[in-house]
Structure formats: structure tokens, C-alpha cells
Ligand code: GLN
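Before any questions on how it binds or moves, here is one chain, the form predicted alone, in C-alpha cells.
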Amino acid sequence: MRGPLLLCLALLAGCGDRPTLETVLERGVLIVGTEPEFPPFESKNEKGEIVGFDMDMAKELAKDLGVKLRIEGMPFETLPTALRGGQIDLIVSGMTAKPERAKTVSFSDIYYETVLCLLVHTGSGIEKAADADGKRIAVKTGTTGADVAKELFKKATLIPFPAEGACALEVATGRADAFLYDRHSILRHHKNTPDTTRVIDEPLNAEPYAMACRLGDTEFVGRLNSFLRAFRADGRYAKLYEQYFGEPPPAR
């Protein structure tokens, strides 16, 4: 039994090392993982479907590969584990391509760039970003915002929440003084609660978004980058950008 068992284990290990692109093309389905709580990049519509800028881009990628698309929704912090475990082929979820993450996943080229800024309660006394040090700052767990808040505001009390909406609500109700997150989302939350919140529109950290695949899968990274170049060159990217953000994409 020892010989056959070792052979089976070796075959299983080999399957785990199989290139993603080969697997996707043979399966005929691209499985994308995302957390659908980050509009307009990914969220659920009234039918419960996961939609948004990222999801429309993923649909174009699947068409480019000649396969169907399957979207798996899950908490943001579990996406890298699902990727490594083979439950998904690709992360498309407004994920910031930062060096620490690049130790566990391989990133495509950047497809969107933004910055972090603060949503603050009107009674917080915060007039500029530096004033947030020593205050109560809501952060979403597993995000760059949480990491940057810890780095920049060493005297602050960080209040972690698993959901973006909960962080914004803490500020709107005055239970937290500030929330550090990407600018587009901060502006949206302020628009929803203009009487109790303000935006400190001071860029605190660059946020380049990229797609993420399994670490070291250079073939798939190359295919993703080839898609992104074509996606921009033929005008599909600009059309999608204007649809979701109401303005042309910035010049490159």
C-alpha cells in the first residue's frame, strides 16, 4: 500500500501545482473571488447578483479567455486563503497591490489607482489628518486602511470592524471620530450622512488596485497583463470607467 499511496499523494501535489491558465481553459470556467461590499467595484444588486466595475472587467476577461465566469463572494480577508487552496482562480476585489501581499500572491498590472483619506464626525475636532492621532479611528479588518492607520496614528485607538458600512456608521453616530478608507468610498459615505460627517480630503496613502493570482504563476500574470493592455487599447476600459465613475479615466 505504501507505493500506491505515495503515488497518489504525488499526483495530488502535481495537481495543486498545475498552471491556473491551463486549468481554467480545460474547465471552461474562470472562478473569481470577491467581497461584494465595495461599491461601485463589487456589490450585490436587488436580485442578489454580484455586480460592479470589477465584475464587469472580470466578465470581459472571461470573454477574452473564451470561458464562462463564476463569481464567488466571500469575506475579503479569506480571499488569499481561498486562492491558495484552489477554491478560486483569481481575486478581483479592489485589492491594493502592496509589497506585503506580494509575498503570498502574484499581482497583475495596476488597473485602478486611488488614495486613502478620512471620514470624520463633525464633532471630532479633526480639521486635518494629523489631528486624528489620539482619536478613535474605525478600520476595516484586513485592509490597507487598517495597516496605514496603525502606522500613521500611533496614539489613536483603532476600532476594527469586518464591514465597511459598520465603520462609516460608527463615525456617523459619533461612536468613532474617524474612518480611514479609499477616497471614493469616503465621499460616498459622506454623501449619505452629510449632517454628521465631513471629509478630510488629504491623501494619506496611494492605493493601486490589481488582480491577484497564485504566487509564482507567471504564465497567468502574463495573460492577465495582456488582457489589461488590450482592454485599455480598444476603449473598453474607458467606457467602463465612465459608466461607473462619471468621468474619463486619468491619462497614463
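One rule holds for the numbers: they count along the sequence shown, beginning at 1. Treat the numbers as computed from the prediction; the structure is a model and nothing was measured.
The same protein also exists as the form predicted in complex with the ligand; that form is not shown, yet it is the one meant from here on.
The closest heavy atom approach of K135 to the ligand in the predicted complex falls outside 4.5 Å. Mapping the unseen interface onto this chain, F76 counts among the residues with a heavy atom inside 4.5 Å of the ligand in the predicted complex.
For F220, no non-hydrogen atom is located within 4.5 Å of the ligand in the predicted complex, even though that partner is not displayed. Though the partner is left out of this view, M95 does reach within 4.5 Å of the ligand in the predicted complex, counting heavy atoms only. In short, of 166-174, 95-103, 121-129, 82-90 it is 95-103 that has heavy atoms within 4.5 Å of the ligand in the predicted complex. Taking the ligand as it sits in the predicted complex, the stretch 161-190 comes within 4.5 angstroms of it through a non-hydrogen atom at Y181, D182.
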